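So this first bit is one chain, no partners, the form predicted alone, shown in structure tokens.
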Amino acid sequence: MLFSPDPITILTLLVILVVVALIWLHHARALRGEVRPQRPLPAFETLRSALGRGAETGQAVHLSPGASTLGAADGSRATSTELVAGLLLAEQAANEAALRGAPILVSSGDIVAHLALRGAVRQAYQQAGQAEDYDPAGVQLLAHHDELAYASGVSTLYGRQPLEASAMIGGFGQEFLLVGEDGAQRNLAQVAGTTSSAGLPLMILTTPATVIGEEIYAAEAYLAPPGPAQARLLTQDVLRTAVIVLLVVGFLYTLIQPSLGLPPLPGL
């Protein structure tokens, strides 16, 4: 009996092939310098400047993806994707810190994120040829699955040692007020970002350098050198545009379908 693949399977494979092809295409364009300049996001320039000053002053830059978890029990995809965005930002910031010789202090509120951060920071120092400068004590687990306890731990870090800046991008909610207000009172340069409707207003109130909403998913591309990070960002933009176009076309089709006697679209 001949193999008869499911149409959904074929469509899924085609989408995967298109995504891979787009990433390769954009990667090649990024390496050739054919990518248009990214629109300025001052928050990331603040972080880059802080890493440069930290290399001169010896004061650490604090990096945090928040206290969110991968595969949260509440099934929140936003929480997981925010955490991944924060991990990628911390990895790129660690790469730049290792190259510049700037000290960093990384904290998290989830054991899985903590292990991922330890591996990413260690790898960053190894790739920069500064493996002897990697300090495991610089990657700290302040709490586990307790946002308020984690925020209290970050506030304690602020009072324990002078910091050049603090970059908190990832899964944050109302607990950010405790951290953000403490940093504001200490005149600490803070960079913050989340997609949470509970945490974002508090960031805007306490942190001038705020990354708003989906901008956090572009953080890696803004800090990384031209290459894979920019290719992924450009591919995401293309796919987002394609989805929006499909939604608009589907909506218009449902409007004219009854009057023209057209067949209904599956699932609509």
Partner chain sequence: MSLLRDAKRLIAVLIAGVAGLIVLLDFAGAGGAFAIFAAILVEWAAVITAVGLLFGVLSVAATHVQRIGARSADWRYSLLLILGMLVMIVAGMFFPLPGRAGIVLPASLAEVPIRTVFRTLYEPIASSLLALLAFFSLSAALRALGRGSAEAAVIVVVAMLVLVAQLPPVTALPAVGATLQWLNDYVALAGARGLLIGAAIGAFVAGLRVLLGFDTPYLDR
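The term rigid core refers to the maximal set of C-alpha atoms that superpose within 1.5 Å between the two forms. Positions refer to the first chain, counted from 1. Every value quoted in this text rests on a predicted model; they were computed, and no experiment measured them.
The next section is about a form of this same protein that is not shown, the form predicted in complex with the partner chain.
- Contact annotation: of the candidates 245, 252, 16, 260, the single residue with a non-hydrogen atom within 4.5 angstroms of the partner chain in the predicted bound form is 16.
- The candidate spot formed by 20, 27 and 120 lies fully in contact with the partner chain in the predicted bound form, as each residue has a heavy atom within 4.5 Å of it.
- Though the partner is left out of this view, residue 51 does not reach within 4.5 Å of the partner chain in the predicted bound form, counting heavy atoms only.
- Although the partner is absent here, residue 116 lies within 4.5 Å of the partner chain in the predicted bound form, judged by heavy atoms.
- By the criterion of a heavy atom within 4.5 Å, residue 212 is counted among the residues contacting the partner chain in the predicted bound form.
- Using a 4.5 Å cutoff between non-hydrogen atoms, residue 84 counts as a contact of the partner chain in the predicted bound form.
- Along 89 to 106, a single residue, 91, places a heavy atom within 4.5 Å of the partner chain in the predicted bound form.
- Taking the rigid core as fixed, one finds a CA shift for residue 55 smaller than 2 Å between the shown form and the other one.
- The rigid-core alignment places the CA of residue 205 less than 2 Å apart between the shown form and the other one.
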